[in-house]
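Presented below, as structure tokens, is a lone chain in the form predicted on its own.
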């Protein structure tokens, strides 16, 4: 990416100074609970936090610090992943637009950039970079889980429009977002992977009902949506009719790469959606009076080792895929290892907390809520496509092993065997 005036790439040192000056003058110190996604706010406070993060995104945009790796013709800065890493390092310890990063920037904006028309990109990417549009994924369904190709949400063409009916589930941030990427079935007479189409649609319109789902930890960020005769113009179609699976392949690539994406702005050391980090492990051991306990020190060391190994694996995958040495499908390797690391480090935090991990008070500092985290730890193996699905991708598409048997392969989707709940 180049500067407006000279056409030269902005050097990293100059960019760092510019980013540092903006951050120090304009941003507030971060609340550690918010940075780690531990704070479950009432609805009114959540909406206020979302409004603040939209404001932060616009501030970044106005300062020339939004969309670091997005081409200038779409409102970005046209710089490099190294510039994004510099910004992330300068944001460490400060507030940032956390809820706008996932899924708005990745995977939604990434999918639009890859597969959207020029008109779609010109309309939506600048709005996303300004914080005017928050996006979600209408992807999973009650009957299908991670089997994206088994989508039952139906889209029927009516002139220059499509009429959508169905239900989507586990949609992150739908309660306060603006647009959605929606996978729907447009052809029931071909095998399931060949009859899908992707649409983009505004969420606040007649026919879309959103119901928040309260999780065990009190979070209501997940939602279920019911679509009833929702009309979508054909100009909002992403990719060709019945070719939605090719869009989904890139969609899932971005989903699996996630925190490795150069489109994300995340302060260095922050762990959005996670509850533990190497630093917090040490703090947990300290608050549990176990810093001198050899067993506890081993656990802290294990957590640190896993985090370092995860970072190095992700770096290798990122560089290998960018260089064409590795297939895009290798992103599933990082997905599996990341899920395992998340689960194990949450277990370690619970072990370090000891009895306080079972019963705690709000003033227990880093020891509080470790029991809830322990009960929620498998979420990292489910969200964004299950780790089991990623293992299949590794075995079949990376290692070249035989595909597992499937009863619905090669037959029209309307004739494919499905459960009773999926048929009714």
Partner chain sequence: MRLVLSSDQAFFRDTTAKFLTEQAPVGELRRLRHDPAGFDGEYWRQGAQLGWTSLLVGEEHGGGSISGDGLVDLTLVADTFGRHAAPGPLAAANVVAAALSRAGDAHADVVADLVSGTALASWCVAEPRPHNRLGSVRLRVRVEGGDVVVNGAKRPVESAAQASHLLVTGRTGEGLTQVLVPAVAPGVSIVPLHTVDLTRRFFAVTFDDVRVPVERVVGEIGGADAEVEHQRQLAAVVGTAEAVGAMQAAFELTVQWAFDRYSFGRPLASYQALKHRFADMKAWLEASNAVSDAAAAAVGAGSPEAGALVSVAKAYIGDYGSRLLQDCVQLHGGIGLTFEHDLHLFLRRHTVNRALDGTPADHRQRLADLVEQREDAA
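Positions refer to the first chain, counted from 1. Fair warning: this is a prediction, and the values are worked out from it, not measured in the lab.
Heads up, the form predicted in complex with the partner chain isn't pictured, but that's what we're talking about next.
*Asks:* Within 4.5 Å of the partner chain in the predicted bound form, heavy atoms considered, which of 118, 229, 82, 298?
*Replies:* Exactly one listed residue reaches within 4.5 Å, namely 298.
*Asks:* Looking at 363, 388, 62, 45 here, can you tell me which has any non-hydrogen atom within 4.5 angstroms of the partner chain in the predicted bound form?
*Replies:* The option sitting close enough to the partner is 388.
*Asks:* Three residues, 28, 58 and 136; all within 4.5 Å of the partner chain in the predicted bound form via heavy atoms?
*Replies:* No, because 28, 58 and 136 lack any heavy atom that approaches the partner chain to within 4.5 Å in the predicted bound form.
*Asks:* Looking at heavy atoms inside 4.5 Å, which stretch does the partner chain contact in the predicted bound form, given the options 235 to 243, 216 to 224, 279 to 287, 189 to 197?
*Replies:* Of the options, only 279 to 287 has residues within 4.5 Å of the partner.
*Asks:* Do residue 402 and the partner chain come within 4.5 Å of each other in the predicted bound form, heavy atoms counted?
*Replies:* Taking the distances in the predicted bound form, the answer for residue 402 is yes, it comes within 4.5 Å of the partner chain.
*Asks:* Look up in the predicted bound form whether residue 209 has a non-hydrogen atom within 4.5 angstroms of the partner chain, and give yes or no.
*Replies:* So residue 209 does not count as contacting the partner chain.
*Asks:* So in the predicted bound form, is the partner chain close enough to residue 160 to count as touching (4.5 Å, heavy atoms)?
*Replies:* Contact check for residue 160: no, nothing within 4.5 Å of the partner chain in the predicted bound form.
*Asks:* Taking the partner chain as it sits in the predicted bound form, is residue 392 in contact with it (heavy atom to heavy atom, 4.5 Å or less)?
*Replies:* Although the partner chain is absent here, residue 392 would touch it in the predicted bound form, with heavy atoms inside 4.5 Å.
*Asks:* Can you name the residues of 369 to 383 that have a non-hydrogen atom within 4.5 angstroms of the partner chain in the predicted bound form?
*Replies:* Contacting residues: none.
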